[in-house]
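What follows is a single chain, given as structure tokens, in the form predicted alone.
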Amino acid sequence: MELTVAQGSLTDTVTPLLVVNLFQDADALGGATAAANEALGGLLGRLRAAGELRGKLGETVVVYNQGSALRAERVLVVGLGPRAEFGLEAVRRAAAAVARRARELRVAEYVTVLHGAGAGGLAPQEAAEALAEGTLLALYRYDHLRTVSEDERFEVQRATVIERDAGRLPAIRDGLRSGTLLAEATITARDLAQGPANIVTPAYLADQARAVAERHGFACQVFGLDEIREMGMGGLLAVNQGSATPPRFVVMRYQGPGARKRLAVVGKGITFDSGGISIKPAENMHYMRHDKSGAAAVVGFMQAARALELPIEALGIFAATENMPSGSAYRPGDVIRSRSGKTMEIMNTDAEGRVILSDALTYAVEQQPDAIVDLATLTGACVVALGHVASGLFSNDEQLTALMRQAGEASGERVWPMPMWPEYGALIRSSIADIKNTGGRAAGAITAAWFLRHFVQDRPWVHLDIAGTAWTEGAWGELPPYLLKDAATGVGVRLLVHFVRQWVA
């Protein structure tokens, strides 16, 4: 889908669908909506008075033009919600609702005002970026493996932002471009996370990372089984030993223009998680294809960093393997030596993500970055604590915590800080090894983060537990319109971009 901006008057624009907006608590119609209302002979005002136009966030009402002065065939009014709660996320949701409704109406192209750049008080470039994100992510479908009917093949081809002020066109154009690049990188992550385990194997995941790097012009190294042995990655080897599919370790490198800081982004790449010997219940095990969402986010972020030319040096690192039960699988009670030299007692083979991350984080530390961020679908305990609304944030650095929280609000991928007091770390002490890989049910997300903390040394570090936000289930209920039921979200890509923008500012 193409997103463009054009100078002009909305009342003079010829289009099958013209999009305007409305705040829920607006006393009167204003701006472009008022102009459309006047051209329609006051129809929108009458609908507002009758209660049909309520302005609830994401709510859409379509009005057909019956020969008025307006040159659009239809007018769609999208709600922006309460003015006090309005922000970039509201722009994304409104734009997403519009895009989906346009597809339902089988409209190939439409013209829209820029939500939030007027009465909403947002900068035109920010509003345009959010509009592009919401529009493109709402229209995403994972159709690679199913037969698509002729009716389903229809797609919206173009949306044009109409703007009277020529001076604002460059900023809007830049925002649409950056929003498109952010959405495309998020879709890369969605595709990798959504793909089934029989296709997206560790080798496939590594090959796709290499393909993204080649396509966008940055470096990528892929290490196979023999090299992983030589690198002493005992955690990755232990988790992999129950699988017939060999592991991969991937390092992506991007050097941005004028880079002054080095960021290592580390992802968990379990392409399928059966739980191993500590096997999971059969119900919902199919969702464990999403256990590679951290690695998928790393690939998507690296694509976005290069496409947006972020001014950093970025390292994208992930370990990829299956976690399977077999006669050769690692066992509860085993003691594993990681690349760092630290030993870990395996209490539960379903706590495997932290085991492979021990090696990936050690490798990241060796590259001497200014900060490390890891993303992992690590614990069900985090879902219990935060549900599907926010990712858990664990850190050893208050400044990074504050920046990541701000990035979460700006991107719509919210995070919430969790405590890392020493008492929690005591729960993973082992009597026969340096640490054990789980401290039991109590504070499960925190003890998992404490396990990872042992491998970052004194480097500023953020761990993001995305177990509750990496994919959607039917139990989510009412989803933001740019998400789908039973689908990967691509969480982390846009969050990390917003984080970097603030970190280097």
Ligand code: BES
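The first residue of the sequence shown is number 1, and the count goes up from there. Note that the structure is predicted; figures quoted are calculated from it, not measured.
Keep in mind that the form predicted together with the named molecule is missing from the display, and what follows is about it.
Within 4.5 Å, heavy atoms only, which of L80, L378, A185, V250 is in contact with the named molecule in the predicted bound form?
The residue from L80, L378, A185, V250 that makes the contact is L378.
Of E129, E413, D273, D359, which one comes within 4.5 Å of the named molecule in the predicted bound form, counting heavy atoms only?
It is D273 that has a heavy atom within 4.5 Å of the partner.
For the chain seen here without its partner, which of 186-194, 265-273, 306-314, 148-156 has a heavy atom within 4.5 Å of the named molecule in the predicted bound form?
In short, 265-273.
Please determine whether E352 contacts the named molecule in the predicted bound form, using a 4.5 Å cut-off between heavy atoms.
Yes - in the predicted bound form, heavy atoms of E352 and the named molecule come within 4.5 Å of each other.
With a 4.5 Å heavy atom cut-off, would you call N348 a contact of the named molecule in the predicted bound form?
Although the named molecule is absent here, N348 would touch it in the predicted bound form, with heavy atoms inside 4.5 Å.
Just checking whether V462 would be counted as a contact of the named molecule in the predicted bound form - the rule being heavy atoms within 4.5 angstroms.
Heavy-atom contact with the named molecule at 4.5 Å: absent for V462.
Residue-level question: is K280 within 4.5 Å of the named molecule in the predicted bound form, judged on heavy atoms?
Yes, K280 is a contact residue.
Judged by heavy atom distances of 4.5 Å or less, which residues of 417-442 approach the named molecule in the predicted bound form?
Residue within 4.5 Å: T438 only.
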